[in-house]
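One chain follows as structure tokens, the form predicted on its own.
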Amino acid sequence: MALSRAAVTSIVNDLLETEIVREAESRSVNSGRPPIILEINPSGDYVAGVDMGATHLSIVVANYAANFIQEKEIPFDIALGPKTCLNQANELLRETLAEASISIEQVNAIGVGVPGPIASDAGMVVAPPIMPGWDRYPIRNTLEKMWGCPISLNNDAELGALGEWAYGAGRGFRNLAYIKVGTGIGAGLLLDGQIYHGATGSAGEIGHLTIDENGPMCTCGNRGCLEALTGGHAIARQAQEAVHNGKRTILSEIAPVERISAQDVADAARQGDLISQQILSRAGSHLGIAIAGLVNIFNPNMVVVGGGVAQIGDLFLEPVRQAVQRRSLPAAAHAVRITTALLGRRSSSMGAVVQALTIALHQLAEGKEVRKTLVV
């Protein structure tokens, strides 16, 4: 929508008056009057981003300019259920705030990401494969009562797409896919600059695409899903099977065998362990097959691969690229760039911060005190 000069001036004046933006230092120019540069005013209150993964819990506290004030991450088990996990999130948030000498009353909005399909209007997950006990639990309402401020609840892969688009590898791209590869596998889809949720909030669940109909059992109840072949547990399981079968690998030094993790496989691969490299190559190829289908259907400019497994690097990513080039239509394959997440493990928590800032800044622009919009 085109705006007149007068309309823009009025909007800017309102933003300056409410102190949402402030004048920054002017840049020098060769001739004429230097332009007035505006920036988000970082002073005042705060927002937070919470990333609940299958095996980790991350908290980020940021100011209104999205600058990190404090962050913290701990091991986590999403399978412990909503009451235990939300209490852990509450304890970690308050601990993180205390370390930064910030009170919970100074946090005006919080973005939360979870590894399951979201019913956005209801603020809950629906039949999440790797979140036993969470189905239709009122996550958003519970956290709003616990923290006393507005909560945005999103799928963690969607937040990864948002974080990488706003501050990471996807800046400037309007059609982007973020693939989160951890214990589970999901995709966040940015279509023409907007996150695409789908009809019921389950868009992007590529972890449950069938790659091998006779493959291993998946947590969703089907066989041969991408997640059962390429997820963190799948990589660890394949390594454990290799050791049990007597294959020559430095992973056999780990005891008991059941302790072998995807990170152990990555570390061994970097040391030149052939079995580990083969496992990662197969996992990357399987992921590439799924991404090729996404590229053909969606035709993105950029595919960002993130999550814990993606931090392995080119040992994992190069087979992904090769499979995409082989299996995608040339017109789509030539237009897409495939890279690792620039924000690393922070992609989803940074996306959660973006969502929180959206809420807080809208409330300020409307002249409301954010925390007073809730009945707690």
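Note that residue numbering follows the sequence shown and begins at 1. Small disclaimer: the values here were computed from a predicted structure and weren't measured.
The form predicted in complex with another copy of the chain is left out here; the points below concern that form.
(request) Go through 133, 272, 138, 198 and name the one with a heavy atom inside 4.5 Å of another copy of the chain in the predicted complex. (result) Checked against the cut-off, the match is 198.
(request) With another copy of the chain left out of view, choose which of 129, 82, 123, 148 has a non-hydrogen atom within 4.5 angstroms of it in the predicted complex. (result) In short, 129.
(request) Check whether residue 210 has any heavy atom within 4.5 Å of a heavy atom of another copy of the chain in the predicted complex, and answer yes or no. (result) It does: once another copy of the chain is placed as it appears in the predicted complex, residue 210 has a heavy atom within 4.5 Å of it.
(message) Does any part of residue 223 reach within 4.5 Å of another copy of the chain in the predicted complex? Heavy atoms only, please.
(response) Yes - in the predicted complex, heavy atoms of residue 223 and another copy of the chain come within 4.5 Å of each other.
(request) Answer with yes or no whether residue 219 is in contact with another copy of the chain in the predicted complex, where contact means some heavy atom within 4.5 Å. (result) Close contact is absent here: in the predicted complex, residue 219 is far from another copy of the chain, nothing within 4.5 Å, heavy atoms only.
(request) Give a yes/no on whether residue 257 approaches another copy of the chain to within 4.5 Å in the predicted complex, heavy atoms considered. (result) Output for residue 257 is no: heavy atoms all beyond 4.5 Å of another copy of the chain.
(request) Using a 4.5 Å heavy atom cut-off, indicate which stretch of 235 to 243, 163 to 171, 262 to 270, 292 to 300 touches another copy of the chain in the predicted complex. (result) Of the options, only 292 to 300 has residues within 4.5 Å of the partner.
(message) Need the contact residues for 181 to 206: heavy atom within 4.5 Å of another copy of the chain in the predicted complex, sequence order, or none if there are none.
(response) Residues within 4.5 Å: 189, 191, 196, 197, 198, 199, 200, 201, 202, 203, 204, 205, 206.
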